[in-house]
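First comes one chain, alone, set out as structure tokens in the form predicted on its own.
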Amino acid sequence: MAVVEEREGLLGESPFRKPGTRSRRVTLIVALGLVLFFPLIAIPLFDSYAYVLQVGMLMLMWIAMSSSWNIIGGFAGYISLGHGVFFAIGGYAAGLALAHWGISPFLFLPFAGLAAMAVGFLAGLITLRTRGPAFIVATIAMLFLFLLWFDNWEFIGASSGLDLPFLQFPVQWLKVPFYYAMALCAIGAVYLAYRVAHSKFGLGLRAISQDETKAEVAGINTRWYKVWAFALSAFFIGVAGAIYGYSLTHLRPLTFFAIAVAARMVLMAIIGGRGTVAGPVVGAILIIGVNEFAVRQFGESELNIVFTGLILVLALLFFPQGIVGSLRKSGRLPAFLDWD
């Protein structure tokens, strides 16, 4: 409960009064500028324009998903390996709206997020009756149950998948709308994590993470805090799934339900700093950057996997609490990364 007492003074206090505010503002403006103008900046700098935009889109997607997962896995301390379900719900909801009713996935994005959030709320009511390792197992079981269902559901194409019509857009600029849609998704996810971290709700989640029994004694309705955190963490993952699924033009259950999808969200948050706002962003940029560098140098081979794994192991050895968490603990965290 020490975290509640330590941070209570921040409630109602503007974060812009903290030291380093100017540095954070400048960093935020520069970062947003780079994200929004990157498609224009990349034209004269890169020959493989479509590839560069694809990498940018993927980096933004993982920022959105890892930041969203961090609400339940970082702030509340409940490690979920089942968030691939919400990725799939968003992808299939938008895909079905396009395939059967002709509604553009770009217009359907909020509804895809709400569908994922609704499933997250219902799933949270069931899985969050457990704690610790039992909760992790429950989320994995949820993932496999949904995979089995989608693999045999003929309406969505079962295991063969669902084909989507191509976006009617000039080929050389085809990645641009997907990039900007994912950019808005990532910005929304990080902003949601920031708002949660600076709210009474976020303080309650941190208290649950430290000691759930004491949090209950202090009067926090831990059950509903956890369920709503689980639901909120699903929203932007569903939005990201809708954008990504449309960019593929073919939806298959294994694309979304692979355990590696959820594991990557967890890994990015842990390496960047689980329970911090900036941590998942740093983790996503590092892992995607390292992975793409390794692929370009070594190709899709064992060397790529070894190199990527080595970098990640070194990061965990030298930053046991994640990059942001470890730097904060040692007093070396730059002000522009102190978003908590």
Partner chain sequence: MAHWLQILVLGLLLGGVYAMMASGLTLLFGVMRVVNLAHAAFILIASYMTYALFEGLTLDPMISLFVTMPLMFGLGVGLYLLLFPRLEESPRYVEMTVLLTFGLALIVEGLLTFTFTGTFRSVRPEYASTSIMIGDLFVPTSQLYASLISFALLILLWVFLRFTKTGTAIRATMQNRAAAQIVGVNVRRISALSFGLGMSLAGAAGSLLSFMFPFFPARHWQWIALLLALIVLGGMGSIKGAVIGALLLAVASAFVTDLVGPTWSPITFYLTLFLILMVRPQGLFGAKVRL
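The structure displayed is predicted, hence computed values, not measured ones. If you superpose the two forms and keep the largest set of C-alpha atoms that fall within 1.5 Å, you have the rigid core. Positions refer to the first chain, counted from 1.
Below: the form predicted in complex with the partner chain, not depicted.
Shown alone, this chain has one stretch from 135 to 143, 231 to 239, 179 to 187, 102 to 110 that lies within 4.5 Å of the partner chain in the predicted complex by heavy atoms: 135 to 143. When the partner chain is considered in the predicted complex, Gln54 lies well away from it, no heavy atom lying within 4.5 Å. Proximity of Leu327 to the partner chain in the predicted complex: non-hydrogen atoms within 4.5 Å are absent; the residue sits far from the partner.
Contact check for Ile79: a heavy atom falls within 4.5 Å of the partner chain in the predicted complex.
Interface membership of Thr130, defined by any non-hydrogen atom within 4.5 Å of the partner chain in the predicted complex, is confirmed. Using a 4.5 angstroms heavy atom cutoff to the partner chain in the predicted complex, none of Ala94, Gly157 and Ser247 count as contacting.
A heavy atom within 4.5 Å of the partner chain in the predicted complex is found for one listed residue only; from Leu36, Ile305, Ile41, Ile29, this is Ile305. If you take 150 to 165 and check each residue for a heavy atom within 4.5 Å of the partner chain in the predicted complex, you get just Asn152. After superposing the rigid core, the C-alpha of Leu303 moves by 2 Å or more between this form and the one not shown.
Relative to the displayed conformation, the Cα-Cα distance from Ile311 to Leu267 shrinks by 3 Å or more in the predicted complex.
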